[in-house]
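In structure tokens, the next block holds one chain alone, the form predicted on its own.
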Amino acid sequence: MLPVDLPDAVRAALLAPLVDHHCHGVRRDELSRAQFELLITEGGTPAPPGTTHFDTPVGAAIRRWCAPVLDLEPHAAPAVYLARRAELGAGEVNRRLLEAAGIVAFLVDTGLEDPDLLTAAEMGRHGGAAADEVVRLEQIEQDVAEMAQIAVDYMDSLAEELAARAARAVGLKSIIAYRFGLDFDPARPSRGSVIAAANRRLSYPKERLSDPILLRHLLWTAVDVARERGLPLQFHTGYGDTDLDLGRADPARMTGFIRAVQPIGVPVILLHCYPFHRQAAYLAAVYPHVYVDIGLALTYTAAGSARVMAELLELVPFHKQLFSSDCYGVAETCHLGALFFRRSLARALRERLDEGEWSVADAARIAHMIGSGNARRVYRL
């Protein structure tokens, strides 16, 4: 699995079980080729006529690295791979690939509310791991908006529901990058402005939240809950699907909010970050409560992931980086997330050992921190 020779202690640290601090459920049902291909791209549309999403870095990686887990030769043709997947059945495929990832704990974003996705508990059972919930703020807000009758009820219910869900969770997550952008006003909005915005919101409660005042209110309500519960607050940044304006998902754009939260002490975790991972590394380097991962970027860059990891490690403090697969839909994304994390970090460690920059003990300690130790500390696992 590892692409370079390493001292035994470093190799053991890299192959130790990982804490996947941000992932989603995978599909429990059988998938057609068209369905499968849509789940291995962030594009959300079929490949152009005469082409396939298997002709991508992640598609090639599935054929190379996931095929052997399903008892196929490496580089199996897409049709052969999908036929074997169908033969084994979704349950067995999920079990094999999730177990092969070597995950000891899944922290699952449960905000998608799709009955075809495995629940957090099911992810744990299929992967032979522990599992906990990360609460998505915008999903809670949607539920509250559809039930509240007046603005004051909306505000009170939002705080109460977030607190209730947080009591059963290990973290909170925002997708404000999708709903507005990370260049939001960092100040806590006034009560009057929130009431006015909430009145507008309750006229169209089934629409997804995009009002910047209410999004800021939701964030600051979450900060209060996170401080009370000792929870971190995750943010999607960088790479995502077509619902995202990538230019407004640069984590550097939320520097004002990061500064405002610093005295409160709530950990802010920047997810994914690519192609802004150098900006994220800077934020983690200069703000004591900021942490980063590069999540799905490693899966989707696949054979090129070592360069992404090397760029993040130029500046990021080693006690500030976390592992996540950001798997979603198909268990292949979990297996590949873990695999390319280990492979890309192995190359970086080998380079530093060869240059005499780190000792063997340093390299092993850093691998342990990034793979699981930092997540255990930040999420209090």
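This is a predicted model, so every value here is computed, not measured. Residue numbers run from 1 along the displayed sequence.
Same protein, other form: the form predicted in complex with a further copy of the same chain, not shown, and the subject of what follows.
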Answer for residue 184 alone: is it within 4.5 Å of a further copy of the same chain in the predicted complex, judged on heavy atom distances?
no
How about residue 279: is it within 4.5 Å of a further copy of the same chain in the predicted complex, going by heavy atoms?
yes
Might residue 304 be said to contact a further copy of the same chain in the predicted complex, defining contact as any heavy atom within 4.5 Å?
yes
Would you classify residue 35 as touching a further copy of the same chain in the predicted complex, given a 4.5 Å non-hydrogen atom cut-off?
no
Assess the spot marked by 154, 180 and 266: is a further copy of the same chain within 4.5 Å of a heavy atom from every one of these residues in the predicted complex?
no
Consider the chain as shown here, without its partner, and state which of 146, 73, 113, 241 has a heavy atom within 4.5 Å of a further copy of the same chain in the predicted complex.
241
In the predicted complex, which of 225 to 233, 208 to 216, 294 to 302, 192 to 200 comes within 4.5 Å of a further copy of the same chain (heavy atoms)?
294 to 302
Looking in the predicted complex, the residues of 306 to 329 with a heavy atom no more than 4.5 Å from a further copy of the same chain, listed in order, are 307, 308, 310, 311, 313, 314, 315, 316, 317, 318, 319, 320
